[in-house]
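Starting off, we have a lone chain in the form predicted alone, written out as structure tokens.
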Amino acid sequence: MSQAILQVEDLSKSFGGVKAVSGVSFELMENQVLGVIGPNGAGKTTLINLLTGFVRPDRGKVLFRGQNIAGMKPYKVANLGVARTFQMVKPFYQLPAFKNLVLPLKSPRAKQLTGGRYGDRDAVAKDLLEEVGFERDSWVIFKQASVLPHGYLKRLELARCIAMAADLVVLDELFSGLSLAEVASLVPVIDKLRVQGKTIIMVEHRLRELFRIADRVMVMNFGQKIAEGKPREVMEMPAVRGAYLGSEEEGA
């Protein structure tokens, strides 16, 4: 049976008196995909920042494999096996695409898992980029990240998570700004991560695509968790329809 890889208990964070996240608790089992949804300003990205060490909580626990990582530095969280993408992409703009993966491939976690023997890191980086949809023999792999189209930058974000060999992958609006064809091409990549035993949290506004992937969804509004369960069942709850669909239905 699956075990809980992540347990969040009474997690809270305020900014200037505004409660961005308030008393959020949930549990995530290994190899599950959890979608986190809600209207703009619901606290979703703040929650992700709390889980990954970019923001310190005012109160609460984040237990990853039983260890409380709340308030831990992001690089320490990453080395324990939690990797994330960013809603606003953050590549090394002056480096070629494949060179963006060399640093995560040299991370303490990657070295630990490979015994320091990863082979030719440039070749591995190119393999990873091909895995997320870069054309291996095209110019794109060698171009500076600063000139890459948005869709490739999103793929690059995902590839960096894969390079970290994370057990828990947190995707902050990975599908944002992508065409339907681009999203459709990324869904098999996420499915492959699940087959490989990864656990995934996805913050998303693209509900149709998310619901094809997620086992469960958690709905947030005004910093609080207002519902959790199977996607279609949750979306039928009156509180969810009022808080989320009432403001987002046209764009969903």
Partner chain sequence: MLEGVLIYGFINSVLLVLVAMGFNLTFGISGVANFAYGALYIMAGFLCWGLLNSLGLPYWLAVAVSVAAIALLAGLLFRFVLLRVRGLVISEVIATFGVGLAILELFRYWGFIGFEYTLPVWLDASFDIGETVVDGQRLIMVAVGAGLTLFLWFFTRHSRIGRAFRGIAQDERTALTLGINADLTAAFAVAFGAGYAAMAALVILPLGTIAVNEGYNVLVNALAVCIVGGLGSTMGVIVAGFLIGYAQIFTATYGETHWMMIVSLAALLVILLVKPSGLFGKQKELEERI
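Given the structure is predicted, the values throughout are model-derived calculations rather than measurements. Numbering follows the first chain given and starts at 1.
As for the form predicted together with its partner chain, it is not shown, yet the points below apply to it.
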property: Full three-residue contact with its partner chain in the predicted complex, heavy atom 4.5 Å, for F92, A145 and L148; result: yes
property: 4.5 Å heavy atom contact, R160 and its partner chain in the predicted complex; result: yes
property: G177, heavy atom within 4.5 angstroms of its partner chain in the predicted complex; result: no
property: Residue contact check: N49 to its partner chain in the predicted complex, 4.5 Å heavy atom; result: yes
property: Contact of K154 with its partner chain in the predicted complex (heavy atom, 4.5 Å); result: no
property: Proximity to its partner chain in the predicted complex, single hit among F222, F54, F26, F211 (heavy atom within 4.5 Å); result: F54
property: Members of 91 to 111 lying within 4.5 angstroms of its partner chain, judged by heavy atom, in the predicted complex; result: P91, F92, Y93, Q94, L95, L103, P104, K106, S107, P108, K111
